[in-house]
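Okay, here we've got a single chain as structure tokens, the form predicted alone, with questions on binding and movement later.
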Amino acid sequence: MCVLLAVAAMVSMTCGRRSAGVPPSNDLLIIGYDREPDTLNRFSTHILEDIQSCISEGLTTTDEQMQVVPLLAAEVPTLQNGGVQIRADGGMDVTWKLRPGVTWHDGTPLTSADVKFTVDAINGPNYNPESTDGFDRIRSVDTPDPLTAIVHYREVYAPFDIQFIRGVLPKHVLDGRDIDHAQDYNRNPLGTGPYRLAEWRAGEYILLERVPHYWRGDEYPRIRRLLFKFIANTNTRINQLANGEVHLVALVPWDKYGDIAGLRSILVHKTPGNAYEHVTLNERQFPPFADVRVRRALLHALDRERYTKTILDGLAPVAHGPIQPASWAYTDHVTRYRFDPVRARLLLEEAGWTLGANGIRQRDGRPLAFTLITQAGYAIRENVAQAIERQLRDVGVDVRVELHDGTAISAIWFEGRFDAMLHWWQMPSDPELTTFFAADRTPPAGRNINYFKDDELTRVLYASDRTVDRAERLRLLHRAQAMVADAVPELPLYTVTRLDAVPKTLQHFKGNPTNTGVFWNVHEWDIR
């Protein structure tokens, strides 16, 4: 209790305009974080799982080279090591061997029963996870012994190796309970990771403390406490980094790079990101988006090259689709849409949207007007949103920008309560596109929040999931990227280059291009 009071006092002091701060040490590392989590249950959250991944570990994780590596699993199953078997009926069996000696934080052994319980819970009717994608392709799980889980898929599922990257749920804590409302777990989960929750002060911070006798060895983690301060405003976050009030900021906005690049105590890691910023077009909420001519017109109306050179300071190249150059599946043989407002106007005319006296296009007495939501306090997004608003107005489209805090916007996208949204997808190491674009992968089955439907694209996407032959999968993914580019279900803007600001005294920070996040190896971090 004394420790928590001391931390609370320290955070309170650093909220002032001037503060000398406390230097980073193996006793305490302070992270400036852009939003408060909606939940600490990794399977329920709608945002990146940086804090959660320090507590709850997956069977595998993704390293700084985008390679899938074992974590709670003893090894990654493959065809070569016999862990993956393709059945004669077209299905697939994956055998997971769990690492011996791993226990939950309460001392209960981690077993294959936890793996089975997790699959059954996610596929069952009484839990509403963030996504069921992949899990709903599992027929059953066998547990021949406490350290072996055999997962039986109805079909071949190529991304099986990251199926349990979010970990598993503790059966002995959640069995028979309503997981959606199990707040003792959702706000303070039992995990196997290097840290556990010490305090969650709503609206202010989350404090994590090291777990004694962590399974990797008593010397890990080397940093005793991690304090995640919730600082939604980017200017405040960067100012506190410069003043020493926070020690680390992941995903530094590009417009702030010049402000911190010269700081003597800070090192900025640049990582080509496996992520892209885009505008989601919700066809269910705003029916005019269902016309491909309208979608193509909107993309032609945006001067994306100008955005990257001005607002983004040249740090983020234009993106032309959902798979980025960092991925093995990337292709640049896709349709590209140059900035061409004349073409945009022609397409809108073809679609029946004629210019009204007020300069806004109309059809059947209704204006071509929609709301674009994005994250408040994120200067880059606010500036890009304003540029989009101006350029679409130039071709007769009325856009109203609406700002929401980071936590609230996560629930809004999951529920589909928006017309259009400026945001990003931080992609996993596997280039699966099915969850984003297949017709049947709207939430909670996936992340198709465009509510876009194309039967032929859906067929190609599922075919790409149903082969573990790399060459064949590459061919199908290249075709899918070309189809997505032609259909324009969303407006791709730019590839995200990660800028992570860390103390120069922090050792073993490796970064990560994927949605695994930079805390994937936090147990190794060391202040020297």
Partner chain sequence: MRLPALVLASLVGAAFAAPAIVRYPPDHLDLDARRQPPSAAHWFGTDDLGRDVVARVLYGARVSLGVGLLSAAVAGISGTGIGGVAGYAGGALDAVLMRGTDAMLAVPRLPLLMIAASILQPTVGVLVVLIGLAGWMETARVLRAEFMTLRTRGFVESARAAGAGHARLVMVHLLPNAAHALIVSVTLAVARGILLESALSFFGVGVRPPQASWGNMLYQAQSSLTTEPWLAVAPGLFILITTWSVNLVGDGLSRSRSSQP
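Whichever C-alpha set is largest while still superposing within 1.5 Å between the two forms counts as the rigid core. Small disclaimer: the values here were computed from a predicted structure and weren't measured. Positions refer to the first chain, counted from 1.
Another form, the form predicted together with its partner chain, is not on view; read the next lines as being about it.
Between the options Val102, Ile360, Val334, Ala376, the residue in contact with its partner chain in the predicted bound form by a heavy atom within 4.5 angstroms is Ala376. Contact with its partner chain in the predicted bound form, judged by any heavy atom within 4.5 Å, is made by just one of Glu209, Asp454, Glu382, Asp398: Glu382.
Contact annotation: Arg154 falls outside 4.5 Å of its partner chain in the predicted bound form, judged by heavy atom distances. Using a 4.5 Å cutoff between non-hydrogen atoms, Tyr307 counts as a contact of its partner chain in the predicted bound form.
For the chain shown alone, Arg284 is not a contact residue for its partner chain in the predicted bound form, no non-hydrogen atom being within 4.5 angstroms. When contacts are judged by a 4.5 Å heavy atom cut-off, His269 does not count as touching its partner chain in the predicted bound form. Annotated contact segment (heavy atom within 4.5 Å of its partner chain in the predicted bound form): 309-317, selected among 139-147, 322-330, 309-317, 340-348. With contact defined as any non-hydrogen atom lying within 4.5 angstroms of its partner chain in the predicted bound form, the contacting residues in 374-396 are Ala376, Gly377, Glu382, Asn383, Gln386, Ala387, Glu389, Arg390, Arg393, given in sequence order. Comparing the forms between the shown form and the other one on their rigid core, the Cα displacement of Trp215 stays under 2 Å. Thr310: CA moves 2 Å or more between the shown form and the other one after rigid-core fitting.
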